[in-house]
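Listed next as structure tokens is one chain, alone, in the form predicted on its own.
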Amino acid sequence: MSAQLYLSDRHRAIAEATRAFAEKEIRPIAARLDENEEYPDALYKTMCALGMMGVSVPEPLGGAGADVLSYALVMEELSRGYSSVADQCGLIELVGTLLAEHGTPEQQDRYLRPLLKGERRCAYAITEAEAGSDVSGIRTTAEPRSGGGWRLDGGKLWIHNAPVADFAVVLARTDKEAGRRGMSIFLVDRDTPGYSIGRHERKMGQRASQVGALHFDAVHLGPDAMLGPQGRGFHMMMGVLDKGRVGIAALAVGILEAALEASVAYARQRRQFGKPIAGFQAVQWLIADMAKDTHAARLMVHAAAARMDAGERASLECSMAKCFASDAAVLHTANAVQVHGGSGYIRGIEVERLMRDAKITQIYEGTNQIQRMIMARHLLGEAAG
């Protein structure tokens, strides 16, 4: 039921190939990955070989060299198979973009190319106990060492891939007095002394996405560990958030599409009072609203991605797409459970997992409350405070 407006032949081919892969390789194992909280390393290596990781990273650096709309299409189709797999694709896209845009040739050889080949695994380490939506509240510090380089101290929590990452992209404060202009990004290898991994968190949904804490205790880093200019870390991280929000919005659309397909199939085959429940208006309206909002969310994602591909500022459109799509995913996966009745509440039924998987889309890449603040500021300017 995917919208086909404005898609080129290449876009259609990317979407169709990704959907076929997700249908064959991802959906059949999604329930197992969820139940066992399993990190599917072999699957990710296959996806790297097929060019599904680093979709918009330039080809000379090991990426697919496609546009943001292509990335959104890949995210939707992977998420329709299982959103944890799409989440991994999104993580690599953001880290890959940072390395492609700001990395030195040596950093790209050491981190980016192996990442896109599936030879190294990354973590994106921003969040701290006092710095979630307010990134400016980070307390992890990197202080200059007398012999050159940096000493990294602090900790991060709820970090995607922390339990399995071979290196982390870490935002730290290099000037305590400079606010947002006093943050820098560092590339930190797992085997560096002082780097340790905290508790592996058990999550409500997207359970195959590994999440945990990272600790840095007097980690000595060389001058070449800094990514991009000193003091520009906050702005660099924020610079990839529009793409990140398009990705999460597309991931939410994939969850919506899966919920819609499951609900339509179940309504046609489940019989009550002598006829399929698809014949009851109460069920019809649930499914009609599900289809309407899925279609609208998809078009919002495509519009935001197309604006980015045109080189235009798209923060407003990206926030709108992320907010709308994730709210719709939470609402309509609950409605999909309602369509399934008692069976929808049973572990192992797809819509039960989809409902759990959907909730985090309202939280990560900026909560939906933050998205509404961003929208209001764009629309109202200084009057919004």
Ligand SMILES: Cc1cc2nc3c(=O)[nH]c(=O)nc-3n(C[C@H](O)[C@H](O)[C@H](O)COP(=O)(O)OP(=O)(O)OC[C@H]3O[C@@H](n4cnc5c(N)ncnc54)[C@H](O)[C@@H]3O)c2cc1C
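Quick caveat: nothing in here was measured; it's all calculated off a predicted structure. A residue's number is simply how far along the shown sequence it sits, counting from 1.
Separately, the form predicted in complex with the named molecule exists; it is not shown, and the next lines address it.
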Q.
Can you tell me which of 50-58, 313-321, 28-36, 356-364 lies within 4.5 Å of the named molecule in the predicted bound form, counting heavy atoms only?
A. 356-364
**Q.** Any non-hydrogen atom of Thr127 within 4.5 angstroms of the named molecule in the predicted bound form
**A.** yes
Q | 4.5 Å heavy atom contact, Ile277 and the named molecule in the predicted bound form | A | no
Q. Quick one: is Ala17 in contact with the named molecule in the predicted bound form, heavy atoms, 4.5 Å cut-off?
A. no
Q. Does the named molecule get within 4.5 angstroms of any non-hydrogen atom of Ile185 in the predicted bound form?
A. no
Q: Give a yes or no on whether every one of Val68, Thr97 and Ala225 sits within 4.5 angstroms of the named molecule in the predicted bound form by heavy atom.
A: no
Q) Which one, Tyr111, Trp158, Trp150, Tyr195, lies within 4.5 Å of the named molecule in the predicted bound form by heavy atoms? A) Trp158
Q) What is the one choice in Gly231, Pro144, Gly132, Gly239 with a heavy atom within 4.5 Å of the named molecule in the predicted bound form? A) Gly132
Q) Heavy atom within 4.5 Å of the named molecule in the predicted bound form: which residues of 203-220 qualify? A) Lys203, Val211
